[in-house]
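Take a look at this one chain, the form predicted alone, written out in structure tokens.
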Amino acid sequence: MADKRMTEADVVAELRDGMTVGIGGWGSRRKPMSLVRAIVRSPLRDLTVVSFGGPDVGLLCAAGKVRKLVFGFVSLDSIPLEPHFREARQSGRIEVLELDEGMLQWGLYAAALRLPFLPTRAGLGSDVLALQPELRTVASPYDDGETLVAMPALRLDAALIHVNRADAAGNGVVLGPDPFFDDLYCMAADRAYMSCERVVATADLTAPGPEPWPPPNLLINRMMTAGVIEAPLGAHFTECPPDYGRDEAFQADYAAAAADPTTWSAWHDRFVAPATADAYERAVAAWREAHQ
């Protein structure tokens, strides 16, 4: 089996301006943050980002990388609205396709199946269709004649996901209780890149996880992935259970820094600019020591 191990810089080198990039995880949970920070440090621009959004969307909006955002929500979970997203949305700096969460899932699924669209009831009776005139409905061809939303496929040029464990061949395991919806992102994309807390031997992927978590979920297989990036704390400050929970204090500091351009510039220089995992971990450790 091919060895697909890469670095964050290798992944960014394969991306291009104007691409449509899907980002796995959801809200402030299991986001591929080391890959997102690498994109922020790069010259990439004019991206269309597809995400059940969290700080991934916020960082990319703050850096001016996003031309269009396709989303079901953008939240930090314990902080309801992601502050950088809120500013970009309210100022009109980004184009948006705002979808019901079920519609976004169905769009990824349609792309994974290589279909042009899938019918769904999600979105009916809401303002989603009124506010997104490019969305269309379709009549059931059967006797019921029901009107359904024709959710278009959300084809991705690239997908970025983060899992607990992976092997060098590109198989990945989620050990926590929230595996949504990384497999769909991978199958909807031309190329998918998977960061992980640790690269292990293939035989170790199915080793029992710690209690009380569910058994290992071999969610991602090697046919779905083009690259594997070993990134300890690669989802920080979002959660990646059972390896670590969401860093609530650090997340609150991130959100507070977003309120002031000068404060944000200093925060960015301290926590986003470092180009290595060791440098980032040292910066976070120093912050924790100062805030104990």
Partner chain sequence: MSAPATRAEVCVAACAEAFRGDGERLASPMGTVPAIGARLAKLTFEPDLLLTDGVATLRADVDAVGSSTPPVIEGTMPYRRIFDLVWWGRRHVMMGASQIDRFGNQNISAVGDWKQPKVQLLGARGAPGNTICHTTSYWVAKHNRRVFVERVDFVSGVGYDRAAELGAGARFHEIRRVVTDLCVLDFQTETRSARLVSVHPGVTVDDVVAATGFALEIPASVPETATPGDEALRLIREVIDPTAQRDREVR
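Computed from a prediction, not measured in an experiment: that's the story for all the values here. Numbering follows the first chain given and starts at 1.
This next part talks about the form predicted in complex with its partner chain, which is not shown.
Although its partner chain is omitted here, in the predicted bound form none of Tyr193, Pro242 and Asp278 has a heavy atom within 4.5 Å of it. The partner is absent here, but in the predicted bound form a heavy atom of Val128, alone among Val128, Leu115, Ala150, Ala169, sits within 4.5 Å of its partner chain. Across the options 263 to 271, 65 to 73, 248 to 256, 230 to 238, residues that bring heavy atoms within 4.5 Å of its partner chain in the predicted bound form belong to 65 to 73. In the predicted bound form, none of the heavy atoms of Pro141 sits within 4.5 Å of a heavy atom of its partner chain. Using a 4.5 Å cutoff between non-hydrogen atoms, Arg29 counts as a contact of its partner chain in the predicted bound form. Its partner chain is not drawn, but in the predicted bound form it has a heavy atom within 4.5 Å of Ala122. The closest non-hydrogen atom of Glu197 lies beyond 4.5 Å of its partner chain in the predicted bound form.
Contacts between 153 to 185 and its partner chain, taken as any heavy atom within 4.5 Å in the predicted bound form, involve Pro177, Asp178, Pro179, Phe180, Phe181, Asp183, Leu184.
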